[in-house]
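Next up is one chain by itself, shown in structure tokens, the form predicted alone.
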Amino acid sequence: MNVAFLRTDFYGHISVGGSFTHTRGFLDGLEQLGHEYLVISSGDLPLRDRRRLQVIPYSTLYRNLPEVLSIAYNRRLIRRALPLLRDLKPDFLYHRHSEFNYASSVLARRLDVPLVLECNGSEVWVKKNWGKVYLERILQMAEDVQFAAADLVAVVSDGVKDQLVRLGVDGNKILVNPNGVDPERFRPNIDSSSVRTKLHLDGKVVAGFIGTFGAWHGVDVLARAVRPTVDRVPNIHFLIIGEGTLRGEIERIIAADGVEAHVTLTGSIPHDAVPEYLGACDLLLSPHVQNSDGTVFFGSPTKLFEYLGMGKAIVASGVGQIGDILHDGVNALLMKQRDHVDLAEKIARLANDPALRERLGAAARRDAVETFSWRMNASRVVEAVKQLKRT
């Protein structure tokens, strides 16, 4: 098949984080299956084959008005992408849903091909709960157009499906397709000695975390867990990888508790370096929390699948899909949500029990190889599109 992949969010110069891992993973999965693709994106993307990328950037005017820019981008994208897509003759369009964007519904109709909308949650909900929105009515209209026009809506979890069904999307056209991992890149026994030496981790038990420090990652819970963990395991060290809005709060908590010597904050790192950094850890952490409005966490964290691939012991809160993938005492230890003391106790248990770490890590690796991979993620989409074409 020929696949046209559209990414239209206003992400500027950022090119790391779970959404970019998802994009690259899905495209790698298509390639492994033997399919061709062209990526049309509003910005640069960390693709393996950059010849397959066409960048159609946002306007440089009025950059302090992102909502206006996002609305105006529809016209620019349709005008510039249409001739490229006519040359490609794609079998379907695959569009990562983004705020104010309805261009793919127009393009799919003009090309007379199916539209697959990858939706990781309602953008209206995200803006109202995690950000600000000024042109809410237009945002809602654009989202309604996309949901109605899509022939298939690919979501990462049952939580997202339930949210969309409540918003009126036909559940029969929703495909639940969890995130995945490249088990060849994220694997046990990666030589991470240079990272451990550079960061002065030799002789320490290292508990690792990677994320964008969003409100749902529970990184503030992690920061509060450092002090009680150190009290239980004096040679513990926390390797916290990433960047985000809560960075200042994390630094404040760590400084107030006097545990700066037990924490390394790396900031953002290139995705290609992530396996080596995770390999430097003895156990990995995912203390996610439920959504701020009390609804169930609906994400499918890419880092969770990367953790599985590394074959490391994991401590995680069992919110949303995480509780479906991780099973306490089988392939991970599950903590009580928002309970930093319970998190500290679980970390200490693993730090003091290498045999338990090895057993849980081996089970996690099996799940990554046998159940979760980007190849399987892409295959589920392709098979669903084939079914569309048969009906």
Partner chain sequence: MTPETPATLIVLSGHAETLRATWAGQLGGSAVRIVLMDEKAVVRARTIIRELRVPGQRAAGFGCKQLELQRYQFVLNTYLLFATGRRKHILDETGSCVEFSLLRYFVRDFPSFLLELAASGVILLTAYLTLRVRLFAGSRPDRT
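Positions refer to the first chain, counted from 1. All figures in this text were calculated on a predicted structure; none of them were measured in a lab.
The protein also exists as the form predicted in complex with its partner chain; that form is not presented, and the subsequent description refers to it.
Across the options 240-248, 198-206, 281-289, 256-264, residues that bring heavy atoms within 4.5 Å of its partner chain in the predicted complex belong to 240-248.
By the 4.5 Å heavy atom rule, the three marked residues Thr229, Ala316 and Asp342 all fail to count as contacting its partner chain in the predicted complex. Interface residue remark: Asp144 is counted as part of the site for its partner chain in the predicted complex, having a heavy atom within 4.5 Å. The closest heavy atom approach of Trp216 to its partner chain in the predicted complex falls outside 4.5 Å. Of the heavy atoms in Leu61, some are within 4.5 Å of its partner chain in the predicted complex.
Within this chain, Ala351 is remote from the site of its partner chain in the predicted complex, having no heavy atom within 4.5 Å. Proximity to its partner chain in the predicted complex, defined as a heavy atom within 4.5 Å, singles out one entry of Gly168, Pro83, Pro270, Pro234, which is Gly168.
Residue Leu69 is the only one of Leu30, Leu69, Leu333, Leu45 with a heavy atom lying within 4.5 Å of its partner chain in the predicted complex. Contact annotation for 86-105: residues with any non-hydrogen atom within 4.5 angstroms of its partner chain in the predicted complex are Tyr102, Ser105, listed in sequence order.
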